[in-house]
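A lone chain, given as structure tokens: the form predicted alone.
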Amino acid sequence: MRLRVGITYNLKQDFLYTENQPIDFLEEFDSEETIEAIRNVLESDGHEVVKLGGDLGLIDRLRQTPIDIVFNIAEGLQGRNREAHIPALLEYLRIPYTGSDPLTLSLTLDKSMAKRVVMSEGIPTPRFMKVERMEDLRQLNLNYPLFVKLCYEGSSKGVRLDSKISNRRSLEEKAEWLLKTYGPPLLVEEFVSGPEFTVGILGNESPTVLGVMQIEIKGSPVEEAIYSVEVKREWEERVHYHCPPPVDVHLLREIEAVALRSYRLLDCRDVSRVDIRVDQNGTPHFLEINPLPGLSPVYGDLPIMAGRMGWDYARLIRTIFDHALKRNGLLGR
């Protein structure tokens, strides 16, 4: 079965970075290396691959180029619904694509909305509030320590080593800096002082756990560890990835259960990565879910996890793609 497969994406090199922007301004966008790695896998399976990009010219390229299915990793350009823009366009043009639909992508990018949905089904998640402006902090009714991050961003954008907050003064200073540097809104939540895990999930009707990976920050006690931008950029020196993690089977199954319930509840498709932290009582808490996980063959958490579970990069990409083909009735066509 030979298909014409488009790849939609946003590259760091397509954006202008200036010194007055935060160091992680381009953090969520991809590198040419990732696009080439995905293309190589698809071409090795006999498909014709068309690099479509993700700028405004994509509309004309899609209208002019017949495409059977799109492998989508585009983050979008702006707004709370940015990850949904290209999938919505593809749906409008009746072009199948990999990954979750516009509703799930918008819902999960807004961390506060995703948490409200999982809370409605009894999935544990830290208590939180959404902050649009400094005056909102007057209504704070949460217990310290707190964790402060951007509500509509991923890839640890805006997360620094000082994102764990122990008092009111630090909270106001951090919130003011984030609002000024990145803009609203913020998510302020109670900090869960236990080990952190990320869970890879693949599939649709019967999704399965690819792996559970514990994230250990070297030199930091568990209760202080922050998986920040600084740490991620030096992951080879500063992070121990344990996959499978050194925890008892009962806890491992509970972590997997929370991840799978969240995946199903938020209607994720084909692939996602769920971030979980375990509290002092051994209860796994949902932090956030990423239905558009990074696929860098070098530093992506999901490919690292796959490698630790004995999968090569090609098998990961091929499995994601095959799930999308099957879901769209294209497998074996």
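All residue numbers are counted from 1 along the displayed sequence. Computed from a predicted model, the values in this text were never measured in an experiment.
What follows is about the form predicted in complex with a small molecule, which we do not show.
The chain is drawn here without the small molecule; in the model of the complex, the stretch among 237-245, 256-264, 222-230, 91-99 whose residues come within 4.5 Å of it by any heavy atom is 222-230.
When the small molecule is considered in the model of the complex, Leu210 lies well away from it, no heavy atom lying within 4.5 Å. Contact annotation: Ala306 falls outside 4.5 Å of the small molecule in the model of the complex, judged by heavy atom distances. For Glu288, a non-hydrogen atom is located within 4.5 Å of the small molecule in the model of the complex, even though that partner is not displayed. For Val199, no non-hydrogen atom is located within 4.5 Å of the small molecule in the model of the complex, even though that partner is not displayed. Glu190 is the sole member of Glu190, Asp136, Glu216, Asp110 with a non-hydrogen atom lying within 4.5 angstroms of the small molecule in the model of the complex.
Think of it this way: in the model of the complex, the small molecule has a heavy atom of just one of Arg116, Arg82, Lys130, Lys157 within 4.5 Å, and the residue is Lys157.
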